[in-house]
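Form predicted alone, single chain, as structure tokens, below.
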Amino acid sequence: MIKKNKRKEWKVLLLFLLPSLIFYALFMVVPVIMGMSYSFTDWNGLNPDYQFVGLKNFVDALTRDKYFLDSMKFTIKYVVVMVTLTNVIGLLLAVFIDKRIKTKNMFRTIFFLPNMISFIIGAYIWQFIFRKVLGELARHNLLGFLDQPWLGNPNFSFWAIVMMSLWTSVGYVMVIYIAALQGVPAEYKEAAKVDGASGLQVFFKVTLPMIMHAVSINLFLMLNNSFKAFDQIYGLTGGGPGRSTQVMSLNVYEEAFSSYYRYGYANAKAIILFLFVLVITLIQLKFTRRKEIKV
């Protein structure tokens, strides 16, 4: 009888899930499988005739394609900086806001608001700021250091992208940290203070270990989002000047749709990017989950 009821529940559950599963399969699973199959061909995206080339696309991308290898190095640099800065700034803001009683909601809204704006719109807002606003501010003697080629020099362009990305990402990370901080039992912190622990010792010995699940989630989210970064860089610098700020996703887009129309080759690069993200994310999850503490 119990088995019959469970089977009936499963059937009803599957019935409700079926429309979503069909859409997911049609628009996610099938394109991924087709993309993987095209990565072993020389298809240009238009010609119905194409040849099977085996692993040639993968070998060329990893050994001969200077632009792709440069984009890989730039992506790693961008991911390291973004994952570190977003989590550090997000955690500091969360600690700062969590201690505010009357102004907590106001600060939370202010810092989360940029997250409501899409990356591409945010990129055009910051393009205006870098090209017009900072130039005007630099006319004042004290702010002369702002007069820099923010979007025309590779070194400044990288930090321009980082500033814009932080503006849109920090608020989301901060909200997760605030929720985790509010879940830390107050009596644990009080007990540590009674034992003579300083504020920093309470944070690093009590609070931080108990919010490691939030650290794990935020590292996972930022790793994924940073590796897949496209909109903000496309909108702000377009990968320039030259190709100096071109990330892997932008290189794949250029290969398939913008310059060369080598669809099969672009799919091979996309799969390399996917495997890259998958391996690093699995390593990160395995490492950070060991540090998590269940309250």
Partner chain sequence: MMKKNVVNSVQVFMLLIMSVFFLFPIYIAVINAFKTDGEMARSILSLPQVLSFHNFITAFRKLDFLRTTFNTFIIASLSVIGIVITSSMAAYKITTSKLPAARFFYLLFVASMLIPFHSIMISLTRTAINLGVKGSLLGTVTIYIGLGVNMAIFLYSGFVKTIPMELEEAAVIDGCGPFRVYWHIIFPLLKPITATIAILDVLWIWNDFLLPLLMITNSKNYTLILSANKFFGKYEADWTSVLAGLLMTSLPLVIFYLIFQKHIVKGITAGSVKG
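Positions refer to the first chain, counted from 1. Please read all numbers here as calculations on a predicted model, not as lab measurements. If you superpose the two forms and keep the largest set of C-alpha atoms that fall within 1.5 Å, you have the rigid core.
Form predicted together with the partner chain: not shown, discussed below.
**Q** Looking at heavy atoms inside 4.5 Å, which stretch does the partner chain contact in the predicted complex, given the options 48 to 56, 225 to 233, 61 to 69, 238 to 246?
**A** Only one stretch passes the 4.5 Å heavy-atom test: 225 to 233.
**Q** Does residue 267 reach the partner chain in the predicted complex, with heavy atoms at most 4.5 Å apart?
**A** Yes.
**Q** Please run the contact check for residue 201 against the partner chain in the predicted complex: heavy atoms, 4.5 angstroms, yes or no?
**A** Heavy-atom contact with the partner chain at 4.5 Å: absent for residue 201.
**Q** Using 4.5 Å between non-hydrogen atoms, is residue 14 touching the partner chain in the predicted complex?
**A** Yes, contact at 4.5 Å.
**Q** Please determine whether residue 176 contacts the partner chain in the predicted complex, using a 4.5 Å cut-off between heavy atoms.
**A** Within the cut-off, so yes.
**Q** What residues in 10 to 33 sit within 4.5 Å of the partner chain in the predicted complex, counting heavy atoms only?
**A** Those in contact are 10, 12, 13, 14, 15, 16, 17, 19, 20, 21, 23, 24, 26, 27, 28, 30, 31, 32.
**Q** Take the rigid core as the frame of reference and indicate whether the C-alpha of residue 13 shifts by 2 Å or more between the shown form and the other one.
**A** Yes, the C-alpha position differs by at least 2 Å between the shown form and the other one.
**Q** When the two forms are laid on each other by their rigid core, does residue 22 show a Cα shift of 2 Å or more between the shown form and the other one?
**A** After core superposition, the displacement of the residue 22 C-alpha between the shown form and the other one reaches the 2 Å mark, so yes.
**Q** 2 Å or more on the CA of residue 179 between the shown form and the other one, with the rigid core superposed, yes or no?
**A** Residue 179: C-alpha displaced by less than 2 Å between the shown form and the other one.
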